[in-house]
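Okay, here we've got a single chain as structure tokens, the form predicted alone, with questions on binding and movement later.
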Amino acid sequence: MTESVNFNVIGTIDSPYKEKFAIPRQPGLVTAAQGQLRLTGSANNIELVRGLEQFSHIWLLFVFHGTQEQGWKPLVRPPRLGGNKKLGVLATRSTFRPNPIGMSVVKLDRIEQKDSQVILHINELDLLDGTPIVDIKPYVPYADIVPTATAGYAQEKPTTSMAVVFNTIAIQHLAIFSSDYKDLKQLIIQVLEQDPRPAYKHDKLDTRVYGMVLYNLNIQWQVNEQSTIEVTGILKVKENPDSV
């Protein structure tokens, strides 16, 4: 019995999420998140995806490359439990796993062959930009939906309880960038509604000004006294990542 298995990367993700912070914790929560999957190497062949356009959704199996080097522990603190209770890592969807493999179901909008490059246009993704893809499978509703399934502490979809508003400056910035980024305002709202702060910060006084990178934009925001998230500015990310 072999102790290790090697996989070839068959594609790479282009995503609006340029950093781990603020990525939704599950796919489908942010419907305005659009991206691309570019097939690579010997897998960059249109024949590999013949017939896949018949399916509205696909499974992506990928590598958690953004957290891979940090290793893993047998116990983790799921955000759905407020970050206060430890569970076995295999009883969660933590990125810190014995093998850094993830799976996401995403909406398949269309398949394009541009010159020699095969591109899958996808939506509702929760993947970091540059994520390596190791497999693609069609989503089959009759087999992949189990109506009687139970899910312990994650039975229901998380509620989006945070209201999101834009101050005057942020509205001005939106007018500048919206023509270059489709559904930018909706993307910002849907991401922030999930309250991407660490779980232990929820329901506590928090005056910190946060920033998150979507596309090449630094979205600045903070939580006000009414537990509303206020977007305070949208700035172009400078080429030097240390000078955002």
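From 1 onward, residues are counted along the sequence shown. Everything numeric in this text was worked out from a predicted model, so none of it was measured.
Only in words, not in the display: the form predicted in complex with a small molecule, which the text now covers.
Colleague: Determine whether any heavy atom of residue 202 comes within 4.5 Å of a heavy atom of the small molecule in the predicted bound form, and answer yes or no.
Modeller: Outside the cut-off, so no.
Colleague: Would residue 66 show up as a contact with the small molecule in the predicted bound form if we use heavy atoms at 4.5 Å?
Modeller: Flag for residue 66 set to yes.
Colleague: Does residue 78 reach the small molecule in the predicted bound form, with heavy atoms at most 4.5 Å apart?
Modeller: No, residue 78 stays farther than 4.5 Å from the small molecule in the predicted bound form.
Colleague: For residue 127, is any heavy atom within 4.5 Å of the small molecule in the predicted bound form, or not?
Modeller: So residue 127 counts as contacting the small molecule.
Colleague: Which residue among 178, 218, 40, 26 has a heavy atom within 4.5 angstroms of the small molecule in the predicted bound form?
Modeller: Contact check passes for 26.
Colleague: 90, 103, 140, 146: which sits within 4.5 Å of the small molecule in the predicted bound form by any heavy atom?
Modeller: Result of the distance check: 103.
Colleague: Any idea which of 119-127, 170-178, 81-89, 148-156 reaches within 4.5 Å of the small molecule in the predicted bound form, heavy atoms considered?
Modeller: It is the stretch 119-127.
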